[in-house]
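Here we start with a single chain on its own, the form predicted on its own, put down as structure tokens.
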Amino acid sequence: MQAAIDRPDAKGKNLAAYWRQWSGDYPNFTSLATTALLLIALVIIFYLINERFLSWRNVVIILNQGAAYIILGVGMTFVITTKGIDLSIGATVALSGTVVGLILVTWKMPLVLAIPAGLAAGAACGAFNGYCVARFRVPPLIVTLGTMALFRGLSYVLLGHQILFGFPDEFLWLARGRILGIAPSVYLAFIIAIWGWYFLNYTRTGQEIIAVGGNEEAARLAGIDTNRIKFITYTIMGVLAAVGGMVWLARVNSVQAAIAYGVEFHTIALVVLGGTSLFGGRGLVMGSLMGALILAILENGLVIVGLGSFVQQVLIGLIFITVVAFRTLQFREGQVTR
């Protein structure tokens, strides 16, 4: 014991030095721990402000509000892990939601047709993004900036400024039903998060996603079809955007072409907040789950204390800038391993 204490490398180290060393050895754990601490701190702060914050009814509301963001966050985690970005997910939500709304509300067709059609629309959007990124090697930022306008424009072509509402009860059950007091959409979100964690960390395709983001050229030389991986990743993002869109529709019981404006920023923010590296090569699905809960808690807690959505936007923007600056500093210091 005394020998361990007297080691030269242990002398003079303060708590911050040990934390930096621990962060270098276990970057994923420390990133998740930091996100978890922020989550716990927000819960404590809002509870001290108003005890109703932790009432069962309010906890159920927070989980229901966060379900769609969790689902979107899983897909965005995959995309950012490849060193990509998808600015079109809000428009994909709108377009797939428009397809579902037209089938269920306007054409009065059954749910068994609407859900596959909505998923197909989302998959088509994601596949188009993936094809353009992989085949033409256009930067993801440019591709998805263009498709953000394209997909949103198609939604307006189909719906105009019309608002569709009055979805059938079996569809609304997804977000308004209860299983053990909790909406089915919450269970769905956590199932998708668990699947995303397993897929990214324990499947060959998931490992190839990480490899492509870490060093695309090295991945290609190792025999990985990088174009295929990018295409798969963006297609998954499109499908999950459609699923998240259906959860959104079921919660608000309406759809319009303007739905989900700005959701891409919230989704990117929660993913980065969860510890996924913007430099690629490292994706933390469980961190994204906690990031989604943080956003849902902020949205709910600020309403409880009487602050509006504008304050929420300010806080999310400040948190995003702070977290990105912190992750960038870690990267430059060589503390984050990819």
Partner chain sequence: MSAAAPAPDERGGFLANLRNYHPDTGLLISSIAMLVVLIVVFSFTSERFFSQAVVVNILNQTSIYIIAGVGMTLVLTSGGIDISIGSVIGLTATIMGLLMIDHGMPAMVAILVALLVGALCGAFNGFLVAIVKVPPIIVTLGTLTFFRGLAYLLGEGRVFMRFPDPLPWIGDGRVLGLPIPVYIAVLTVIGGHFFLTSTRMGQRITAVGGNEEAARLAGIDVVRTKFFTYVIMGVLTGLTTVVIVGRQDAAQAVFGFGIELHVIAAVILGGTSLFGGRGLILGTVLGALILGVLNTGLLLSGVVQFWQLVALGILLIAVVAFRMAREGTESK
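Remember, it's a predicted structure, so these values are computed and weren't measured experimentally. Residue numbers count along the first chain shown, from 1.
Missing here is the form predicted together with the partner chain; even so, the following discussion is about that form.
J.: Among 241 to 249, 113 to 121, 159 to 167, 188 to 196, mark the stretch whose residues have heavy atoms within 4.5 Å of the partner chain in the predicted bound form.
T.: After filtering at 4.5 Å, what remains is 159 to 167.
J.: Would the partner chain be touched by all three of Thr147, Ala269 and Thr328 in the predicted bound form, meaning a heavy atom each within 4.5 Å?
T.: Heavy-atom distance to the partner chain in the predicted bound form: all three under 4.5 Å.
J.: With the partner chain left out of view, choose which of Ile85, Leu102, Ile182, Leu174 has a non-hydrogen atom within 4.5 angstroms of it in the predicted bound form.
T.: Looking at Ile85, Leu102, Ile182, Leu174 one by one, just Ile85 meets the 4.5 Å heavy-atom criterion.
J.: Could you spot which one of Ala134, Ile224, Leu154, Leu200 gets a heavy atom to within 4.5 Å of the partner chain in the predicted bound form?
T.: When the partner chain is considered in the predicted bound form, the option within 4.5 Å is Leu154.
J.: Using a 4.5 Å heavy atom cut-off, state whether Phe128 contacts the partner chain in the predicted bound form.
T.: It does: once the partner chain is placed as it appears in the predicted bound form, Phe128 has a heavy atom within 4.5 Å of it.
J.: Using a 4.5 Å heavy atom cut-off, state whether Val143 contacts the partner chain in the predicted bound form.
T.: Judged by the heavy-atom cut-off of 4.5 Å, Val143 is in contact with the partner chain in the predicted bound form.
J.: Applying a 4.5 Å heavy atom distance criterion, does Phe29 contact the partner chain in the predicted bound form?
T.: No - in the predicted bound form, heavy atoms of Phe29 and the partner chain never come within 4.5 Å of each other.
J.: Phe310 near the partner chain in the predicted bound form, any heavy atom under 4.5 Å?
T.: Heavy-atom contact with the partner chain at 4.5 Å: present for Phe310.
J.: Listed by sequence position, which residues of 276 to 300 have a non-hydrogen atom within 4.5 angstroms of the partner chain in the predicted bound form?
T.: Going through 276 to 300 in order - heavy atoms within 4.5 Å of the partner chain in the predicted bound form - the hits are Leu278, Phe279.
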